[in-house]
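Okay, so here's just one chain, in structure tokens, the form predicted on its own.
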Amino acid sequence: METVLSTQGLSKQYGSLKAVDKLDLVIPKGSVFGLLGPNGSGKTTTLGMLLDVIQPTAGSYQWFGLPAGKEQRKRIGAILETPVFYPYLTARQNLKIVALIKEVPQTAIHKVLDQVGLAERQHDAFKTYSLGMKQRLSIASALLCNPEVMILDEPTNGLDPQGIAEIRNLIMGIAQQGKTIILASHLLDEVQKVCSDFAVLKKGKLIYTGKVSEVGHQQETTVLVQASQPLTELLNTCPMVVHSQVQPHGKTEVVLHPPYTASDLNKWLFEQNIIASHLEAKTKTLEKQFLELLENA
């Protein structure tokens, strides 16, 4: 798979503070890559270095397989900080200024306004916009140059549930056009819903990277089982079971060795002439894995 971004030992140090420490990343083309970490983990500093806003202390990075430079930067759209627009100008007027700065034809303005759902409000002053609309306008400004890569730093920060859903759907729509998206966030549920890949940073260090679809894979699976007879003694003879325990509600909690699943357990019980009336797999969430990674790092 083609690589859009790769970093080698990328580091940034402020005095004795290592904001980013020897970061090695590979981001494939067409992915929605989530950069996760608590406050102070180095997410924004990393994005700043990748956009030539912050000078690295050490290490290197390549965009599209080439050393970073002005031409590569033109292929990237980014929102790093809270976007600044003229409050008394309309969305269209603000984007005209952005288009002039980026040397983009103004014919692109209507397309991006329509894409972010602001076409009907394009003639209203920016100061009348909700926080979610302001964020959508900032995404429109980043889309003006039709970039191959979008970098978004905490795009849903401060939004209400409706605003978060709107930005989430917008990001997914942009990704479906084949663009690569690099997204820094602390909202784990949103990352799990939107991203294809993710990396976890802690105090500037990379502690994990992988695919969102593989969260929980190769981990012990927990299943809640209910049947017409006690299962504990029988389950102790099952080779796929790590341990089992009867819960207060009458169900038996069963922990399975990887890669066994609830379906495997159900089949085994049936072979023992036991039909489970309730079988529920407890799936590990990205949040749980994220917290485990931070705790064990």
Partner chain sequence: MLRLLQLELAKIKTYKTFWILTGIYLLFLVGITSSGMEALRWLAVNGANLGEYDVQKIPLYHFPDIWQNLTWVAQKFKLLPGIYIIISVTNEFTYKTIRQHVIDGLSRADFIGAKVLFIFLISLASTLVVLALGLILGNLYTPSSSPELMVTHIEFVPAYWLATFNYLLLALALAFIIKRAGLAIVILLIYPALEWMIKIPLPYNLEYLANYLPYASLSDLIQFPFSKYAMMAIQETVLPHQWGINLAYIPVLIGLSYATIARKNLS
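Numbering follows the first chain given and starts at 1. Computed from a predicted structure; not experimentally measured. Rigid core: the largest C-alpha set superposing within 1.5 Å between the two forms.
What comes next is about the form predicted in complex with the partner chain, which does not appear here.
- In the predicted complex, at least one heavy atom of residue 93 sits within 4.5 Å of the partner chain.
- None of the heavy atoms of residue 172 is located within 4.5 Å of the partner chain in the predicted complex.
- When contacts are judged by a 4.5 Å heavy atom cut-off, residue 241 does not count as touching the partner chain in the predicted complex.
- Looking at residue 198, you'd find every heavy atom of it more than 4.5 angstroms from the partner chain in the predicted complex.
- Here the chain stands by itself, but in the predicted complex one stretch of 163-171, 178-186, 85-93, 113-121, 85-93, has heavy atoms within 4.5 Å of the partner chain.
- Screening 207, 79, 224, 133 for any heavy atom within 4.5 Å of the partner chain in the predicted complex leaves a single hit, 79.
- Along 38-72, these residues reach a heavy atom to within 4.5 Å of the partner chain in the predicted complex: 44, 51, 52, 53, 54, 55, 70.
- Relative to the superposed core, residue 111 undergoes a Cα shift smaller than 2 Å between the shown form and the other one.
- Taking 2 Å as the criterion, residue 148 does not count as shifted between the shown form and the other one: its C-alpha moves by less than this amount when the rigid core is aligned.
- With the core held fixed, residue 87 shows a CA shift of 2 Å or greater between the shown form and the other one.
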